[in-house]
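Single chain ahead, written as C-alpha cells, the form predicted on its own.
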C-alpha cells in the first residue's frame, strides 16, 4: 500500500556531534545525507509513509490503550492555532498519502486503517467514527480517538507538537503534544514550558537555547523547515516513554552488541502558522540496523568520529556511557575493512 523502501538518513556524516538548529528549508535547501550514496536531496514532504507504517500504528495504538494521558495533552492551546494545525494535518496527510487518505473538508478517511471520521476543525472535535475493513484495521479496532487532533495523529507515523507564541508578550510555550514514540523523555514534562526549558536537559544545548527568540520567529514566520537528530540504540522499539514497559535500551545490564544495535534518526519538520501565532512540529523516527547504516567503511569512520566528538555529558545524555568503548571498537574495525558483522 505504501512504498517498500525506507529512506536512509546519515546525519552523522560530518563526523561531529552538534546540538544546533540544523534547519534545512523544505523544498529549497538540499539535505546532504539521504539514501545509500548519501546524496543531496531537496525534500518537500511533511509526512513519510512507507512499509513501516503498520509498526507505527501498532505502537501508537498500544500506547493509546495503555495510558494516552502520558503521551498527549494541551496547555493554553488557542482555538486559532488548533484550527490552523488541524486543517494543515488533514489536507497534508491526504495529499501526501498516495490516495490512501482522503479529506473533503468534513470527513477524513484512511483506507489502510478502514476508518472514517467526521471532524469539526473549528471546535477540534471528532463528531463520529465509522470503522470498516482495511489492511491494518485490526490494529485500531479497539481504539476510540478522543478529539480531532488525537484522531489525525493516529493516522500519521509522525509524533506531533504545537509550539505557540503569545502575540503581545512574545513568550513561547509548548501548547499541545501527541508524542507516542518518545526517546526516553516524558511529553507531560514539556507542556506549557518555553523552548529553553524544553531543551534544558539536552547536554550542550546552551548555545541553542540562547538563540531561542530568533529561532522561534524563523519557525513561525519563515518555514517550513526540516531537521534531524540521531543516536545509537540497543532496541528497535519506537516507544521509550519512561513509564512504558522496560526493554533492553539503556538497561544497566545491556552490553554493546552490533547484531542488536540500531541507528535511530529522527526526521523533524517545523511548519509555521503566522496568523495563529504558532507552529506544528513533527517527529518521525527511522530505525536502522547499525551494521546496515555503516556498511561502508567511510560511514563507520564518520560515526566513530562523531561519537568521539561528544562531551562526557553528551555521552551520558545519549545513554552511551557503558556502551561507548565497545561501540567505538566495533566502528573502528568496520572502518578498516567494512565487512558487515566484523568484530
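The shown structure was predicted, so the numbers you read here are calculated from the model rather than taken from an experiment. Numbering follows the first chain given and starts at 1.
A second form of this protein, the form predicted together with a small molecule, is not displayed here; the remarks below concern that form.
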Stretch in contact, per heavy atom within 4.5 angstroms of the small molecule in the predicted complex, of 190-198, 72-80, 121-129, 134-142:
190-198
Triple contact flag 10, 48 and 180 to the small molecule in the predicted complex, non-hydrogen atom at 4.5 angstroms
no
Among 84, 111, 208, 226, which has any heavy atom within 4.5 Å of the small molecule in the predicted complex?
208
Among the candidate residues 89, 148, 163, 263, which is the single one with a non-hydrogen atom no more than 4.5 Å from the small molecule in the predicted complex?
163
Heavy atoms within 4.5 Å of the small molecule in the predicted complex: does residue 251 have any?
no
Please check if residue 24 has a heavy atom lying within 4.5 Å of any heavy atom of the small molecule in the predicted complex.
no
Classify residue 19 as contacting or not contacting the small molecule in the predicted complex by the rule of any non-hydrogen atom within 4.5 angstroms, answering yes or no.
yes
Even though the partner isn't displayed, in the predicted complex is residue 215 close enough to the small molecule, meaning a heavy atom within 4.5 Å?
yes
